[in-house]
Each structure stands twice: as C-alpha cells, then as structure tokens.
Ligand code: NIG
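Read the single chain below, which is given as structure tokens and is the form predicted alone.
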Amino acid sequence: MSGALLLTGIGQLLTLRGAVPRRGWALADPGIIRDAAVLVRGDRIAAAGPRREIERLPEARRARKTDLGGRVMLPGLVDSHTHLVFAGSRLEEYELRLAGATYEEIARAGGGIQSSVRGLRAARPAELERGALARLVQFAAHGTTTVESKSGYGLDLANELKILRVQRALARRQPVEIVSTFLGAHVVPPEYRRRPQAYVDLVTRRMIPAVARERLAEFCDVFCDRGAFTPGQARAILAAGRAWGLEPRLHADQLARTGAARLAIEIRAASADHLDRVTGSDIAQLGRSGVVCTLLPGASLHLGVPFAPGRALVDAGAIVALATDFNPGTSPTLSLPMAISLACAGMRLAPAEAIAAATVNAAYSLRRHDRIGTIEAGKQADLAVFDVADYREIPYYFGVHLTSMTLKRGKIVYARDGVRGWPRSAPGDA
C-alpha cells in the first residue's frame, strides 16, 4: 500500500476549477463532478475526477481508501476577514444594542473597539494564544482551512506587535493556515483622540516599519469609516504599508459612505471589505475593478443593519468574496457556512455563488489562489466534507453544523462520527 489517500464515494465534488477570480456568470459554476474521487499524495491533490477514472489509477489502487458515502466535498473554506486574537467578550454591548443603542453610541461611551483594546493590552501572550487556539479548532470544525487574521486591538507599538507575534506562533503550532494583516489603524486610541495626525504618524513611521522588519504581516488594513479614519489618512497609511511591502486592504463604507470603496479602487487594494453603504455608482466602478469585494453578512446580522448589496455587486461583475468578520463585538461567529447562508438569504446570492465567494475568490483576495480555493491536481489538499447529498443544503439548513471532515494539506484537522475509514475521534475534534 502506498502513502497516498483515496477519498471516494463523493456524491458531489465542487472543484471550482476555471477562471480565477470568478465574476458574473462564472461565479455560479461550481464545477461539479458527481460520483467523484480525490487522490491525495502527501500534502497535495494528485488527481480529482469521476470515481471510475480515479480508482483505475495505479497509485489509487495502492492507496488507503475512505468511502465518503455520497457526501459533498468542497475546497477547504477560506475565511478572508477575521479578528482572531483578543481577550474577553463584549456581552454588555450586545445587550445595549438589543435595547436600542447604536454602534457609534457605544463607541463614544468607551465601548466597542476600545473595550477590546483594554482587554488585549492587559492580557499576556500565552493567554491570547490559548484563546485563539481554541477558536482555530472551531474554525476547522466548520470546514475552514485558511483564515486571514488582523491585529488592531493593541493600538500601540508593543501591543500590535504582541498580536502579530501570537499569530505567527499559532501559525507554526497548529494546522489551520493564518494570513496576518496589520490593522494598527483600527481606530484612534484614547491617548491620541485630540491629535489623530500624531497617531497616523506613529502608525506610518514606527509601527509599519517594525512589522515589516519582523515580517509579521503580509497586508496592511485601515478602518476607513465615520468615527475611524478618513480617506486621506487611510491613503497615507496604506501608501506607507505598500512602501514596506504590505499589500493594502480596506474596511470600507460599513457605517457611512465615506468614499473608501473609491479609494480602494484608486490604490488597487487587494480587498475592500463590508461595503454596506456603497451606492449604485460605487457598485458600477467596483464591478469594473480588480478589487475583491469582501462581504461580511455576520456583522450586518449582529448589528441589525441592512446587508451589503451582494446581488447588485455580482450582477455588476464585481469580484465578490465572503468572510465571517469573526470578532468579539460585531460578528462573534466562527462559521463560514453560516455566512454563506446569510449571503444567500440576505444578499440574494445563489448557493453556488456564495460558495465560490468563500473559496476561490477569498483565496484570490489573499493572493493564495495558486495553491488553495479549488480542487485540482497540484493544489494543496485543503478539503471540506459536508454531511449532505446536495451542496445547496449547506446554506439551506442555516445554523446547522454539517461538516463531517476537514483536511488541511492532506491531514485531518477535524472529523465527526459516521465517516467510514476515520477514527471516531481525531485531533481538532470539537
């Protein structure tokens, strides 16, 4: 028997093979192969296709075999916007919002992001690492194999570096892939409230060079919105980041239309995220641009505000991605399948469009589409198996945990009872 693994009996294999990134009609083509099999060699996909063809391969005949019993397989989900490292929760704010307080009212009273900053600054790295590690187990349990994680709860040099160093340590000690983003420009911290330009200078002149020298991040992000940073400030910060090798991302037009989406287009950002308040003309320009529009329906649901115009963006030809925006204040969900369901129900995306947005397009936004986001020979064996007979059941059964198995680089990181060929318990079981 060879060291290869044959995953067979796949009722529907969603390969997502084809054009990258996906736009327009291509977003709705998941590249389905029915009665399929996938051959895994080491950390890579050796072959994927119809079961009869794959099982005839000499290597497949010698491989360990696992029959998935007609289940659905997708590429491992790619969560391209999270805030993984923090301390504590913001339960009090949740109740305040339910009683009618707005996000901005809570922030002016010292809550919101500032609350998370106080908790983060007081926490030791080991405490932060333990909390984030437990969350990563849950991400894997929902089929996620890659997460982008932002700093932004430190808001001073020492604590921003603390977050990014924790993320680097986590990336080395557990299997879920972590892509780090520097978000020192989340909001202006209280000590700089009366002199925001001094904080911008701190971010551009001290924080960004320090992050780049230690190679702690690949991207630089700014929360460009009412109550945070202006487009002019964001432009200066992202230009400084790019000069140090950090590709720009942008929190854009979530609470108000500030022109952040237009800025993302102008500077050719990798991604513009949220986009709840964009207008028709913004949508048209985004549709012609190369900027990924990362939509975050979990935040809209939790804040009780209208969803971003996902259907209009897809119809305009935009590159649409989906993410959880997992964070302790506005989107405390680790389930990308739930975000897919919300995108279907609240943004009117078709199931195939939402799944493409959470796999291949999300991978593209992280500049990893050459190795993740699709199922084809040569790609990493990042795979998610769902206990359904039809992929449309994943968003249909909203809030239901349907993941049977998650593999990262060919190794199991989550498995649930009932899948033949795997032990009843596995590393990462949750």
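For clarity, every value in this text was computed on a predicted model and none was experimentally measured. Start at 1 with the first residue shown and count on from there.
Heads up, the form predicted together with N-(iminomethyl)-L-glutamic acid isn't pictured, but that's what we're talking about next.
Peer 1: State yes or no: in the model of the complex, is some non-hydrogen atom of Phe229 no more than 4.5 angstroms from a non-hydrogen atom of N-(iminomethyl)-L-glutamic acid?
Peer 2: Phe229: no, not in contact with N-(iminomethyl)-L-glutamic acid in the model of the complex.
Peer 1: May I ask you to state whether Phe223 is within 4.5 Å of N-(iminomethyl)-L-glutamic acid in the model of the complex, using heavy atom distances?
Peer 2: Yes, Phe223 is a contact residue.
Peer 1: Does N-(iminomethyl)-L-glutamic acid come within 4.5 Å of any heavy atom of Tyr199 in the model of the complex?
Peer 2: Because no heavy atom of Tyr199 falls inside 4.5 Å of N-(iminomethyl)-L-glutamic acid in the model of the complex, the answer is no.
Peer 1: Can you check whether Phe307 is within 4.5 Å of N-(iminomethyl)-L-glutamic acid in the model of the complex, heavy atom basis?
Peer 2: Phe307 lies outside the contact set for N-(iminomethyl)-L-glutamic acid.
Peer 1: Just give me the single entry in Leu342, Met73, Leu164, Ile113 that has a non-hydrogen atom within 4.5 angstroms of N-(iminomethyl)-L-glutamic acid in the model of the complex.
Peer 2: When N-(iminomethyl)-L-glutamic acid is considered in the model of the complex, the option within 4.5 Å is Ile113.
Peer 1: Which one, Arg257, Arg135, Arg311, Arg90, lies within 4.5 Å of N-(iminomethyl)-L-glutamic acid in the model of the complex by heavy atoms?
Peer 2: Of the listed residues, the single hit is Arg90.
Peer 1: Is it the case that Phe219, Arg249 and Arg368 all touch N-(iminomethyl)-L-glutamic acid in the model of the complex, with a non-hydrogen atom of each within 4.5 angstroms?
Peer 2: Verified in the model of the complex; spot residues all out of contact, no.
Peer 1: Name the stretch: of 230 to 238, 207 to 215, 262 to 270, 326 to 334, exactly one has residues whose heavy atoms fall within 4.5 Å of N-(iminomethyl)-L-glutamic acid in the model of the complex.
Peer 2: Contact criterion met by 326 to 334 only.
Peer 1: Does any residue in 60 to 85 get within 4.5 Å of N-(iminomethyl)-L-glutamic acid in the model of the complex, counting heavy atoms only, and if so which ones?
Peer 2: Counting only heavy atoms within 4.5 Å of N-(iminomethyl)-L-glutamic acid in the model of the complex, the contacting residues of 60 to 85 are His81, His83.
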